[in-house]
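First comes one chain, alone, set out as structure tokens in the form predicted on its own.
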């Protein structure tokens, strides 16, 4: 698209003849949204204090809002683990099967295949979902492991199941609730490992389900295997979560297991639930409240709804719709395409922020191609600035979560690496830099000691390493019932 297609780019004095907003009113609007979406360092420190308190509460007893789930992954990998392991990852859109060959010295090789999950499969009877997983695994084993001499032994499998589960040991997990759009019947409240084992037996797949883990825990372990400076694993994508290694003595709710206080166990925080129900600490705008109340789980996952890729585009759309309603933009144009919830994806905010052209031609393209709307340069500059406000707030709130774990564990002085994964972290322009700036705003110059680095593949490689660690631990008779 060129300037001559869009003559109003070059208008100087007669811009008011177009039914569009002028630069002045756009600047006024922007000031209003800056005050709504900007997080000051002082406010961030208050959020960190409340966050740290919430994390502690979750370790004290079961049933807390942020559940701080014990994973039964004991301590860090040595980096010397070797052998061939399977990993199966039941993600939001795909089922992924991996063969991971751990070579020791922090090195590995991976072979993988993805199988598409339809929306129908995510809602059908739970048994059918696990049957599908078993059939895909069987296909993979027949294709890639035909030459392996198994000598009658079952292949160890790490199952990455990234939905909140209560675990009593590493190869068991009772689903608390489905997330990420899944709704399969007769799975919530049931042991998903047992359901999957039943399907594996039904289809005669020679697999031993060794460990059931969350992708965030896998991210933590895989990244430490490759980079031992790693202390925290985080996911910033369609969902958000964190995992870290805790002293067993600081987890009172599992005291009855008689594990040694000086041992360590990875904790899966499930921190997307921070500030749910009470809404005392997070700076929610009316747009955030709208999204929450019209979601399938009102009042839940309060933190996630402010920072995850699932919601940022919708926050933007609600602001734009409000401006359409009060006659500030798109006067005389048909805006019905923007009125459908979730029709504006977070990927569009990424594209707007990354637009390299003076005329913001990417923004032109998004609004004309997807919504049939013409925009002035002033409007486009406003849209890009609004995207930046929403994206920056998400990154700075994400920094608050990281800071709470850093502060709780005393990592600030010696510093550490935070292994980060997910589409927001890896694809949203400037997201890692904004998280880093947030940490400096919270902690001062010492915040530079905390680096975020791109994570290793948690749901595949991490799952395999955990299966290897679990095998090794149980063979040595260490905590054999966990």
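Everything numeric here is computed off the predicted structure, so don't read it as measured data. The term rigid core refers to the maximal set of C-alpha atoms that superpose within 1.5 Å between the two forms. Numbering follows the first chain given and starts at 1.
The form predicted together with alpha-D-glucopyranose is left out here; the points below concern that form.
Annotation: pocket open; no atom of alpha-D-glucopyranose, superposed via site C-alphas from its pose in the predicted complex, falls within 2.4 angstroms of a backbone or C-beta atom. Taken together, 320, 362 and 379 are entirely out of contact with alpha-D-glucopyranose in the predicted complex: none brings a heavy atom within 4.5 Å. Only one of 316, 411, 330, 163 lies close to alpha-D-glucopyranose in the predicted complex, with a heavy atom inside 4.5 Å, and it is 163.
Shown without its partner, this chain lists 275, 246, 304, 292 as candidates; in the predicted complex, only 304 has a non-hydrogen atom within 4.5 angstroms of alpha-D-glucopyranose. Residues of just one listed stretch (125 to 133, 369 to 377, 332 to 340, 237 to 245) have heavy atoms within 4.5 Å of alpha-D-glucopyranose in the predicted complex: 237 to 245. At a distance threshold of 4.5 angstroms between non-hydrogen atoms, residue 227 is out of contact with alpha-D-glucopyranose in the predicted complex.
Contact annotation for residue 113: none of its heavy atoms lies within 4.5 Å of alpha-D-glucopyranose in the predicted complex.
alpha-D-glucopyranose is not shown here, but in the predicted complex it comes within 4.5 Å of a heavy atom of residue 214. In the predicted complex, alpha-D-glucopyranose sits within 4.5 Å of a heavy atom of residue 179.
Core-superposed comparison between the shown form and the other one: CA of residue 94 displaced by 2 Å or more.
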